[in-house]
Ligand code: GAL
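Let's start with one chain on its own, the form predicted on its own, as structure tokens.
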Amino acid sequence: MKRTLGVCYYPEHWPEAQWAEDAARMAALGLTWVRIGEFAWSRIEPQPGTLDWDWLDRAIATLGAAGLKVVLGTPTATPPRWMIDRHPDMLAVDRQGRARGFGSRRHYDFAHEGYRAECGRIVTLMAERYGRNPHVAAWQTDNEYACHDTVLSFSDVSLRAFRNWLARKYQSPQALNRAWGNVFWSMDYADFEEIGLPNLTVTEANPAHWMDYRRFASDMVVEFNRLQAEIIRRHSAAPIAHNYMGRITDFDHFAVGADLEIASWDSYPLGFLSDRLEASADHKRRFVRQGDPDFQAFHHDLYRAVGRGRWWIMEQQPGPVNWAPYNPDPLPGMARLWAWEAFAHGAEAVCYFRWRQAPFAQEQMHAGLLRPDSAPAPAFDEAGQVARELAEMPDQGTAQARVALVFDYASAWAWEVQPQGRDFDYFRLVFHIYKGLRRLGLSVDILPPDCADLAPYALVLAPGVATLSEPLLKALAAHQGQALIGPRSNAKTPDFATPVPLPPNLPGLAATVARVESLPPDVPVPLARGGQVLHWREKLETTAQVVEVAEDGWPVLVATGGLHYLAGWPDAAALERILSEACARAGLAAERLPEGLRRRDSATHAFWFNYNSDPITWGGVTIPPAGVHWQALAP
């Protein structure tokens, strides 16, 4: 499939006389896709039942006449003000019991049946009208599920829905009591109607209660999305996407993605570096105008898995954003680099957010490809350069990597419910491993937790998976390559109890976690071969081969054949040694890349990305700051 560029556009924000000029400039720049409509409900339906489609008809026709393809967003992330009067209990409620208010966006409870019906109605009308429109070539459901901490709602609406969800799952209060271990602290329930939500308890609620609530909340997102996807699919053959975000684990993206053809995500490298990444001050200073060298790549690989091979960037940062603690201007060249990195990871399309910077409302400080006065912003020319390069570059295709990393949303919930250490975070652990792989120049595939086939991979890693699924355990048992499991893997039953036999209970590996400790930041555990264990350490009883040992004598890495268990969170130095040796055993070429230089292989080309603000020379080639270099791979 030919790789393409696009942009996000809001015709309702601009005079209609300007639309045709905008469309012509987009096409001349080399853009293909234009996303519209996802926030336009109040203009489509200004009063209940009063519908105005004419302006949207004309906008789509204007864009289509310029040769552009439309991604049409359903407008359900921004219900109009009159919707609150019709459904006053539709507002989500935060952990402190306070209702969210009108005046921004995402002010709805996923479980509210009345609002779901309203969404079904507007999506049906939209799909009936545009489902066969030749210019509408793709759809987007809603916008950024979970943004602004809006998946978990502690409303009466969610309470009723949660009780029904529990009744369907457990069938009887007695079965629930057994599963949750409610004999502890006299927490037994005689009826599902007695069960509350797990917030506002005196001290921590039962972790099994919390875990089921997290599963329930994720299921509400899945159901909400499925409702829209099924309606669109009845009226349109165009593919359907949703735009996920970076470092959001509030719901199971794999489950949502099962109902869609395309996974997309919204990539804001500088905002994420400032707002969502644990890193040293020196690291953040070094990459303040470039973004972390691995954060975008991780999500590219994750959403390629969520989309089962098909994925886009629906929103790509073009300049300073408005929502992070600090919002620097990107280094010249980064808007080009970010796009090419996405294409190297298999993206079908990269869409910049947005066409023109808005001069009003909440996002007026968020840059676009154009300034508010319609003059080109710096990223305008960089997008044009990418478009010209894409036209000259043959389709690269997506290469299957030899290294796989398992990612599990339920594990993120589990370790948030019971971190045991203040800084134990599942995403942080997985991303740490991913960064270690990328520093060695490796391409990585991310796999769902129920993956049943590991045969294509020479090296498989599964850090921190709370409950290893039966398909994955069988696949590990049959795997002929190298596997690295842990730390804290297979440490809970599906009901959030400690399993017996004790963890990790891996096939053929004689190792038992006797006890665990979480480590304060200033109490690392030195390793005999160098480096340290940070954050988390397990004390193993084992007769397996000991590969790494702490200076106090406890095993840290043990193995039977190709199956390895890691009983701690290694620092960067120890991780590099562990991964390098795993690659050597697996027959994988691995070489430590200079700081800020990263590689990704497509099916036909090797790409290098220089995230540094200075040029870097590697393999006889000098890559400029924010530069991209590629070369064809040998057939």
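In this text, residue numbers run from 1 along the sequence as written. It should be emphasised that the depicted structure is a prediction, and the values quoted were computed from it without experimental measurement.
Another form, the form predicted in complex with the ligand, is not on view; read the next lines as being about it.
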Only one of Trp340, Phe295, Tyr268, Phe154 comes within 4.5 Å of the ligand in the model of the complex by heavy atoms, so just point that one out.
-> Tyr268
The unique member of Asp259, Glu363, Asp275, Glu223 whose heavy atoms fall within 4.5 Å of the ligand in the model of the complex | Glu363
Since the chain is shown here on its own, which stretch among 202-210, 495-503, 137-145, 537-545 would lie within 4.5 Å of the ligand in the model of the complex, judged by heavy atoms?
-> 137-145
Examine Phe102 and determine whether its closest non-hydrogen atom to the ligand in the model of the complex is within 4.5 angstroms.
-> no
Would Trp355 count as touching the ligand in the model of the complex under a 4.5 Å heavy atom rule?
-> no
Using 4.5 Å between non-hydrogen atoms, is Ser264 touching the ligand in the model of the complex?
-> no
Would Phe39 count as touching the ligand in the model of the complex under a 4.5 Å heavy atom rule?
-> yes
In the model of the complex, which residues of 217-251 put a heavy atom within 4.5 Å of the ligand?
-> Asn243
